Each structure stands twice: as C-alpha cells, then as structure tokens.
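Starting off, we have a lone chain in the form predicted alone, written out as structure tokens.
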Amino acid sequence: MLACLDMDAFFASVEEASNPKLKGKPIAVIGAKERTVVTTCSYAARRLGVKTGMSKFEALKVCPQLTLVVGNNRKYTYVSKEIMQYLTTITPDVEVYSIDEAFINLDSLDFDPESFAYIVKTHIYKKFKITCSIGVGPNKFIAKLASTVFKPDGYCFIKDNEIINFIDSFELKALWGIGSRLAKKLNNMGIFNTADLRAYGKEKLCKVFGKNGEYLYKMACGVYEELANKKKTSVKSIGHSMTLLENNPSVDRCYNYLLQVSEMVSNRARTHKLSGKTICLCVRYANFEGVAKRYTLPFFTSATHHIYDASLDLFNQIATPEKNIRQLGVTLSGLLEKTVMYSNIFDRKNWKSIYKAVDSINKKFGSSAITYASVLNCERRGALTISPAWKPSGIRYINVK
C-alpha cells in the first residue's frame, strides 16, 4: 500500500502561515517583482479564476483584488526539507517526488493508512500551520489520483475493488504520460476515456503505440508496478534557464546570460562528478514561442567553456534577437557518472587547476565569490525559481535564491 502526500497550494499556504493578514484572501505567489508569472495561488484566488502560469498582469485583470506576494524560495525549501525529514522518522521508505510531494510505502507500518494520514496531517499543521492532502492506494498512480480528490486538507483511500470505477471518473489526461497531443490522437481513434482504452485492447494499442501501448492499457486498468523509490536515481540531464529582466534584442546581453547559465550547468556537473556530450539550447521569445536545437560533442565535458562555446554556436544558428528574447536555457545530457572532464586534446590551458581553484574558493566564500566578469553585467544572477524536479538533496538540489 502506498500513500501520496501532496501539499495544498504549498507556496501560497506557507505565505499565509507566515502572514496571518493574508489568510483567506486571494493571493498569488510570483517569482520576482519586475517580470514574472504566477507560480502558485491560494484556493481563494483559484475560485476567482487565477491560474498558475498566468502573467501577473493577466492575474490582476482576472482578479483585481488579488494580492501579489514575491516568493521566498529559501522559506519553501526549508519547510519542504523539514516535512520530508519528518516522514522518514515514520518509515524509511519515502520517495521525495518534488518540493511539495512524496510517496510513502505503508506496508511496514504497524497502523492503518487512516492513522498514518492523521498523524502526518496533524504534525504538519501543528508545526507549520499549513495543510496537505493524502491519497492511499495499491500503487503510486492510484495514490496520486486519490490525493487530488478532496483537496484541500483531504484524505482518500482507494481499495483494490474500487480501482476501475475510480479511474473511470477521471479524464484521459489524468493518466501519467497522456498530454494534450496524445489525448487528441486517442480521441481521433474513438478513445475518449479509460473504459474506451480497455475496450480497445492491449494488442491493438501495442500495434499503434508499440511498448507504450501496453503501458497505456495497464494504466487504464489501474496497474502501475513502480514502487516508492527511496534511493537516489541517476539523472539524464542537467539544465538551467534564465528569464531576462526585459525582452531583450541585445546580442551582447544574451551572450552574458548564456555564459551565466552555462556556468550554472557546469558547476552542478562538476559538483556531482558528471560529464556529458549533448548540449541543448532553448530560446523563448516575447510572444512565448520557443525554439530549441542540440549538438553532440565528440567528447565528454563538465567544463563551462565547452558548454558555453557549443551553446553560443547554437544560439548564433537559431536565435532571432530582433524578436526580443525572453528566456534562455541550456541543458547538458548524455551523462557519464563519476567522471569530471575539464579539457580536451585541443585545450592549451591547465583547465583542471583553474576550475578546482575556482570551486575551492567559491565553496569557502560563496558561490559567486569568483565568476566571469561578463556575468556581472547580468541584471539577474543565480537560480531564482524552483524546478518541478527539485529535491532536498543530490543532483536535483538547487540552492535557489
């Protein structure tokens, strides 16, 4: 039996607990004062039409009485760490899924799921004055769906004999792996719900979707075999993005941000002893349209100068600064573990000594004690947003500002 703990409007709830004057009011947490989108909002704001991802101007248009709160990432990550640490005092079988979600294996506990939910919810509210919803089911998929049923401050336990009826109460998009494009394709095949998926049959689904067809069929039957994973899993990529302070046509400024993001990626690779070969650059414009391109190097690297050089080449190939660039992102993939590569055969400098000296000084005096002079020209520096993949430790941990 597995439980899914999902914090209710986490960032907004933490802000309400920190400032009682906000309690019950429509509030939206934003990433920065100057230029940002809604990262989450209170349930009072949601009832008035505010949604995550709206620009602050859209949100205020929908709800003029909305209170905007600049997010405090250090506060959210602290509360998340404390909650996840508390869960491990009940059982070691805890998978931290994101900053506000966790899966817990209940099989080793001496008490029933309802008692577990009561203990956890009471502790979290008593210590932080925020609520969570807990779903319990035979697997992660069912537990996750169950956690959404009675939000906020909900509890839902789905038994084996209730699975099919429970799944059939959700839209296709509720199934993991089904986005709008796949849902549209399934609709064109006459499949509009999970009952239709089961009726279509596993064999036909496999003919159309290959191995993914079996996965879709199992999901429609409520079967999900992956257990809560408490071990640190290997990652496939390291990425960072940066939203510019203003839509920017200046190539020089874009270069500065590109260097900063490349260094952020490189720093995490060096810290966790990873090297990669494939560099992907993503450019998003003022109209929110985006373009991406990747290049695979003939060697593995962890070095900023290699990542930046490849990203710069990609930028000059695909970017159109005249459209006004809003966001830049760099990702390193094709990773090799337990390997840090600073140089290739064409490098003449002793990059290994340089990087080790820089990392040693920054570790002692702060992450930006030594940085590139060009990065100092960036109006924004450092990780400002919490990625959905954020974890309280390991490669997915990012010390956000």
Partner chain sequence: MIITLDEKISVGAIFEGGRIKPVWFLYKHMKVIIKQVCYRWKEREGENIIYKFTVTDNKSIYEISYSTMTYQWYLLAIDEGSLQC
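Being a predicted model, the structure only gives us computed values, none of them experimental. Note that the rigid core is defined as the largest set of C-alphas that superpose within 1.5 Å between two forms. Residue numbers count along the first chain shown, from 1.
The next section is about a form of this same protein that is not shown, the form predicted in complex with its partner chain.
Here the chain stands by itself, but in the predicted bound form one stretch of 44 to 52, 57 to 65, 355 to 363, 342 to 350, 355 to 363, has heavy atoms within 4.5 Å of its partner chain. Looking at N72, you'd find a heavy atom of it within 4.5 angstroms of its partner chain in the predicted bound form. Put simply, H272 is far from its partner chain in the predicted bound form: not one heavy atom of it is within 4.5 Å. Of the heavy atoms in V79, some are within 4.5 Å of its partner chain in the predicted bound form. Within 4.5 Å of some heavy atom of its partner chain in the predicted bound form lies at least one heavy atom of F128.
A heavy atom within 4.5 Å of its partner chain in the predicted bound form is found for exactly one of S333, S374, T36, S367: S367.
Counting a residue when any of its non-hydrogen atoms is within 4.5 Å of its partner chain in the predicted bound form, the hits in 1 to 25 run V14, A17, S18, N19, P20, K21.
Relative to the superposed core, I361 undergoes a C-alpha shift of no less than 2 Å between the shown form and the other one.
Comparing the forms between the shown form and the other one, the C-alpha position of I370 differs by 2 angstroms or more, with the core used for superposition.
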